[in-house]
Every structure is written in structure tokens, then in C-alpha cells.
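In the form predicted on its own, a lone chain appears below as C-alpha cells.
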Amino acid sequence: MPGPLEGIRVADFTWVWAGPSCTLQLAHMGAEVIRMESRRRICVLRMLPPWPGGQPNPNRSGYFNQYNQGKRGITLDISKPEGREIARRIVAISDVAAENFAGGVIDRLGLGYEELRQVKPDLVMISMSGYGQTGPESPYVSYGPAQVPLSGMSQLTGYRGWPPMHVGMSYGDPNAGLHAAFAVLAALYYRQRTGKGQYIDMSQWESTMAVIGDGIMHYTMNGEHPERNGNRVPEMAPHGVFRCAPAATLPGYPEDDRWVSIACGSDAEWRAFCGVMGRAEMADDPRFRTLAGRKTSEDALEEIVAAWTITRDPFEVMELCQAAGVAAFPPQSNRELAEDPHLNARGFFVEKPHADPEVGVRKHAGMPWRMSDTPCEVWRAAPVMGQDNDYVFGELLGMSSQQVAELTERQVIY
């Protein structure tokens, strides 16, 4: 069945991770996304592992193939005048244009919003640069890892007495992609009501700051800087990750690298957790009876919890806690996630044959939502470079095979 965005076409100028994360969501919802790439400057993601069998190749990057599922792919050098003209023709038959170059780059290429709206007056266009299109730092280059410290997230992350920490991934990239997809959907809804397109200027810096508003308010409201405090949070105790019993585990993993996350969100959950541990008397211990008491005695509290979890399997702890209404779950390895019975029962993972026979069928993370009336589906694996040249240049744009051959010879379609 068609997805909710069936009939919407996206001219995708994006690259690396943030932009493709945006257009991935649109492809998931049924939009036809035409990803434009150039062999002159291959997308960074195509050059990153993991590779099937450990053999590098731009068409075989698991990183690229994850975030470009369900898209069409063409090769087009938009640095050349003829390439830019073809790009305009693609935009003219599209509804959305998306790009995530540094501020001002798309305008210098002659493919900015004011230029493209001449060929598509009701176009919805999103630019999702690192710093936005206005302001003194708008031309700066940015990547996801820089967004974490830039946003203030690193200043909030880490253990007490430790320096600021990274969060372990380029959080700014996929987070920006989700914000961007939401903005595009809102603009499409506006266009449906009014017939008017519009331009969306999104800052990846600001989209990352949007998720740590409480940290910012500590200063704007009280002039304070929140202290880094590891896994602890002011509203819950216990709230942490506790070591569990050693066991035979995956190759390359230490046998004692087994943990469980436990969070008690109320006094009632704390009482239930005391019962799970077989320590019902602790629920009325003056040190732990209230959240305020547990926070004051948090070191002692965590020592007691850790002494209990270290004798148990993390999944046993999870089952005992969940049965009592206490949030708990082990940090899972990649293999445990891929084989997780719940995720597989829900059909979260996607397995589609790839155009590169050496890639074949691989398991990828799919979409995290289900819609009752407009089911969404990853309709195919990510494209190899130029996989849809014939369809886009020939079928959509009406070019002859001779024209395509000549443009390929001149490395415009390249």
C-alpha cells in the first residue's frame, strides 16, 4: 500500500549523515527521493566502514547503505553548468529540495532557493547547515561531532570531577535529520492548505541545543551551571548502570563487561525494587524512604544495588524488575540487538537485496513507527552510485540515450 507521502518527490542534494537522515525519513514515508552524487567528490559516508567481508568499496559501505535506504541514486556533477541545469530540471518536477552544505554554498552554486523557486514556484526547500544561513558564523563548516561540544551537551556529560565528555556518537547529525524532516512535513502541510511553498533555514547547532533546554535554563533562570554527575539525575534514585555477574560472552568482549540499567522514578517504584532485591526493610530505612533521602545517601544506595546485581545475570535482573514495574534493561551488544526477539517480532529490521552482488542481502535498522492506514516500508536497499541514471535522465527528464552518453563522456553525469 502507498505510504503517506506517495506522490511527493524530493531532489536530494544532501551528503554525509545529517542531510541523508532527513531524506531517509521522507523515503520511509513513501516519497520518491532522488539522491544526487558525484564521483568527483564521493560522499564521505561511502568511504566509511563497516564493509561486507571487510573489503572497502564506495557501493558497499554499511554506513551509507543504512541511511540511504529506499532512495534512488544518480550521478551528477553540479559544479558544472550543465550539471546545474539538469539539477534545476529535476527540481522542476519535484516538491522538495534538501541540502546540508555550509551556509551560502548552495547559493554560490546557483541552486539556492531564490533560483530554484523560479523553476518550481511552490517548492519546499530546506537548508540544514551547521550554523544556519544568517549570523556571523553562518559560513563555518561543521560536522556532527563538533555539534556535541558546541551545543553545550559535552559540558553536561561526564562524571563528577571529570572533564566534559563526548556522548559516543555524532549526535548532532541524526538529531538534525529528524528535526529537518519534521519541518519539511510542516511546510508540505502548509503548501497543501495554501498552495505556497517556502524556504526552511535550519541550524544543526540550534537543533542540538533544542534537546538540552533544561540545562540552558539552569543558567538563564538561576545563573547556575549544572554539575556533571555521571548517570545520576535529580529526579530519580537509584538511577544508574550496575555491573552484573561475569559470563561467557561474545568474542572480543570481556566476560565481566555485563551491566544493567535501573531507574526508580517514584517512592512506590523504590519500594517495589526493594522487594525485588529481597530487602523489603530498606523501603522504610530513614536514609532511603524518600527521594530526598536517597539522593543524600546515593553513594551508599548504589553500593547496595551493585552488591545485588553483581551476583545476577543482567537479563534476570531485567525480568525481575519489569515484573515489579521497575524500569530496567541491559545495555545490549550489536549482536544481542540484531537477534533480539522483540525487535524481530515487530519487524524492525529490514533485509533487502542490494544491487551490488557482493553486498547481497544485509540486515539494516528500519523505521521505528507503524501506521494503520498508510503502512510505510523500505521498498529497496540503498542505491549504488548511478543506479537510477536511466530512470531519472531518460524516463523522468526525457533525455535520449545519446544525450546521456555525451554527458557521461564529458563527466557531467559522473
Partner chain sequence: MTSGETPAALDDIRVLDLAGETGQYCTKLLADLGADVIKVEPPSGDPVRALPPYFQDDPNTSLYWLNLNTNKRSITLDISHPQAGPLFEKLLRTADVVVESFEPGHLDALGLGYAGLSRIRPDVILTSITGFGQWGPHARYKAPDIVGVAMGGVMWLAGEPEDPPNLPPWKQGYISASIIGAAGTLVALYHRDVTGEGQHVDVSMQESLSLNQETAMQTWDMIQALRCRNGSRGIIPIDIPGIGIYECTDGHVFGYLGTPGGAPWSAMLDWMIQESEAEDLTDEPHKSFIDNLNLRFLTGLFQEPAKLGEKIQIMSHIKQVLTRFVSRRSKWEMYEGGQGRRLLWGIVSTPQDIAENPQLTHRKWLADVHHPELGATLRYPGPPYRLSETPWAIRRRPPLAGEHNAELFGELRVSEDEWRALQAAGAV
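Positions refer to the first chain, counted from 1. Remember, it's a predicted structure, so these values are computed and weren't measured experimentally.
This protein has a second form, the form predicted in complex with the partner chain, left out of what is shown; the following refers to that one.
Heavy atoms within 4.5 Å of the partner chain in the predicted bound form are found in exactly one of 304-312, 134-142, 278-286, 73-81, that being 134-142.
Contact annotation: of the candidates 92, 245, 109, 183, the single residue with a non-hydrogen atom within 4.5 angstroms of the partner chain in the predicted bound form is 183. Contact with the partner chain in the predicted bound form, judged by any heavy atom within 4.5 Å, is made by just one of 339, 85, 255, 122: 339.
Put simply, residue 54 is close to the partner chain in the predicted bound form: some heavy atom of it is within 4.5 Å. In the predicted bound form, the partner chain stays beyond 4.5 Å of every heavy atom belonging to residue 237.
Using a 4.5 angstroms threshold between heavy atoms, residue 161 stays clear of the partner chain in the predicted bound form.
The partner chain in the predicted bound form is not approached by residue 389, whose heavy atoms all lie more than 4.5 angstroms from it. Heavy atoms closer than or equal to 4.5 Å to the partner chain in the predicted bound form belong, across 289-318, to one residue only: 318.
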